[in-house]
Each structure stands twice: as C-alpha cells, then as structure tokens.
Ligand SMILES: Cc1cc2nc3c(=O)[nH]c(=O)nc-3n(C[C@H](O)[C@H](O)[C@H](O)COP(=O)(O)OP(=O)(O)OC[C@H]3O[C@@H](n4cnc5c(N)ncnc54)[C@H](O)[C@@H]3O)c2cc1C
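Only one chain comes next, encoded as structure tokens, the form predicted on its own.
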C-alpha cells in the first residue's frame, strides 16, 4: 500500500505540494472547499485561482523572484510550468492568462493517478500526515482548528485586489504602448498632465471607502497597500510609486509625462487589462467615478472592481522549522501564505518545499534543507528564524539570501552572481538525488 498524505487547500501551495508528492509515487487526498464554500475573493471553482494580480512579477535573474522561478523550474514546479505555458506579454515580468493558468493546473491535478480531489470544506485537521495550505483566506472553522493546534494567536493584515477593465472600452487615442526603458510594448500607458494628476489625486483621497466593520484594526501589508491609503501620504507619493513616469516617453509629446497609470494585459486574448498598483478599498461607484478621471478610461467598462479582504498567517518562527514542519507535531506541515511568505511564487515555493519534505517524512528519509544560499531556502529560513521579534509577511528578496563571500560593487552583477551560486546549489541537490522522484 502506498503512503498517503492529506492536503487541505487547493491554492498555489496546495497544488504544488500535491504535485511534488504525487510525482514521488505518494497518494494524495486534496481537500478544496470550493465550490461548496467560496471565500470573499474567489470567483472560480478551479484550483490555484489567482485572486489579485495576474503577474508573477519579474522573470530576470537580477531580481530575487526571477531567481526563485528559475530554481522552481529546475525542480519541476507545476505552478511555474503553467505560468510559462499561459504567459501573456508583460515586459520583463511573467504575467499569465489567469483563467487558462488555473485551468491547466486543475486538469493536471485532476488527471494525476496519485491524486484524489475531494470538494469539501474541512473544519478539522485529520489524523495522519497533513499539509495545511488553506491560504490567507482560511475559513473561520479551519482557522480555529489551527489556532487550537498551535496554541498561538493569529496575526493578520489586509490585502487588496486591483480593478480590471474591458480593453474595448478604452480610448486608445489617449493611451500609448510601452514598457519602461524601451523593453518592449507590453503595457498600456495612460499619461497624465500635472493638472489631470492633481485633480485625480484630490478625488481619490476624498473618495468613500468600504467600512470593514467586522475587524477591529487595520494592519495593511505594505506590499499591497490600497492606492487611496498611499495617496493620503502626500500629493507626490503616487508619482514615486505606481504612477511613476520614469522610463516612459509619451510619443505624442516626446516627453516624460507628469504621471502615468499603467494597464497590464490580464488574458491571452487581450480583452481585459488590470490597473497596475491600483489595489483598493473604495466603494464600487467611487471606483467608477474616480478611476474614470484617468485619461483613456473616461468611458471604461469595469469587468471587476477592486476588493479588499483579510489575509491570515501564523506566527511561523514560533512554531515551524526550515522544512515548513510543525515542531510540536511533526506529521503536520504548513505551506503557502498562511506561513508568512508573501506572493504567488513564494507561496508555490513553500508548497514545493513542504511537498518534497513531506515525502521524505513519510518515507523515513532525512528532510531537505535547501539552505539560505538559494531563494527557495532563504524563504524557508526566514519564516523559521527564531530571532525575528515582530514577524511580518515577506516577499523573496536578496536581503534574506546569504551574501557572497566577496564584495561586488555593481548591484546587478552582484545579484547575478548570487543567482548563479543559487542555481548551482539546486543543480547539486538534484545531482545528489536528494530530491529524486519516486
């Protein structure tokens, strides 16, 4: 009889963990609550749904998330494979057709001989080996079960999703195609004059927001801060953030605009575009009113308005080790944003590590430390660092990866050398057959 592992949660991390286990000839029972129960942010019954942006961010090795993707490619990641197959133009970033992306993953999981999907809302933690990948929108029932298990208070932060507009409703006479610094033409750019920007800013900071009555405090994660909150920090804050015009030249004027709103393709057919950096908690009529002040969006049709929801994560350094394993109950592993990794790719990365190490656990083999010289390992070491006093969600970055043993002044060259070392480390792990498939 094959070993069997239960995974709770069919998001990016749960699917990646299931894939890694199943490909090592271990039976997986994957519980996914949809369509029986939907979270406030989910719309589809497909696995691995992207609920916010459709971008998996940079695909360059000079960027830490680009390194993380390449490490995952070397380790046969299902999530990155789907992203590569279903990518849409986005300059130096890896963006995807979100529907095709999740559909491909769902089909791969459904058709795997070693995976059984049960569409049921789990409100308890079962016996035997378990990977908990319930995500940042974990239901109250399973959240309570986890809280009872780890004896730790939950932390939380608010997350927000950007609006999506119908491309046919855009005024392309006011919009130009370009990526920053001449890297292609993958983005639609809405240039704003000083007068247009200041009017937009005034309306934005005074717009009505949704009251989050069911939460006592707001603790907004900096990486997903709502645009209206950012705007209230100062009139020029957006011009140094998501509306920065640097690296973009308006072909009509031949000059750099005062501010620029970028739109990123959201599906393969280019029928939908999302407003880059426009995560928001504005009321829907206010979104229509204020965002229609953006040049080119005056008569835009909103396919999806921005929404805000609570993301939940555990105090991982107090309870997890570098394998994403629960120290007080080694049969249980955690994966995904509930561990405090932040971002789509980071979430899938934790699922990859948890899946590989769960396979080693059930087979009685030593667990795998990817080391903090790799992006994958650096995230695992970060979430289990006992020295962290005020634990907060973290995107992958070169700051958490072990530095080189020599100094390189040029930042890009230094990052490339760190990436080369990391990829060699992953190659060596593969060559040693530590992570050999079953």
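Residue numbers count along the first chain shown, from 1. In this text, all values refer to a predicted model and were calculated from it rather than measured experimentally.
One more form of this protein should be noted, the form predicted in complex with this ligand, which is absent from this view; the next part is about it.
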State yes or no: in the predicted complex, is some non-hydrogen atom of residue 34 no more than 4.5 angstroms from a non-hydrogen atom of this ligand?
yes
With heavy atoms only and a cut-off of 4.5 Å, decide whether residue 353 touches this ligand in the predicted complex.
no
Using heavy atoms and a 4.5 Å limit, would one call residue 174 a contact residue for this ligand in the predicted complex?
no
Residue 191 versus this ligand, in the predicted complex: is there a non-hydrogen atom within 4.5 Å?
no
Of 138, 262, 357, 281, which residue is found within 4.5 angstroms of this ligand in the predicted complex when only non-hydrogen atoms are counted?
138
So this ligand isn't shown here. In the predicted complex, which residue out of 316, 82, 337, 274 has a non-hydrogen atom within 4.5 Å of it?
337
Look at the stretches 50-58, 385-393, 403-411, 372-380 and give the one with heavy atoms within 4.5 Å of this ligand in the predicted complex.
50-58
In the predicted complex, does each of 134, 342 and 347 have a heavy atom within 4.5 Å of this ligand?
yes
Listed by sequence position, which residues of 229-243 have a non-hydrogen atom within 4.5 angstroms of this ligand in the predicted complex?
none
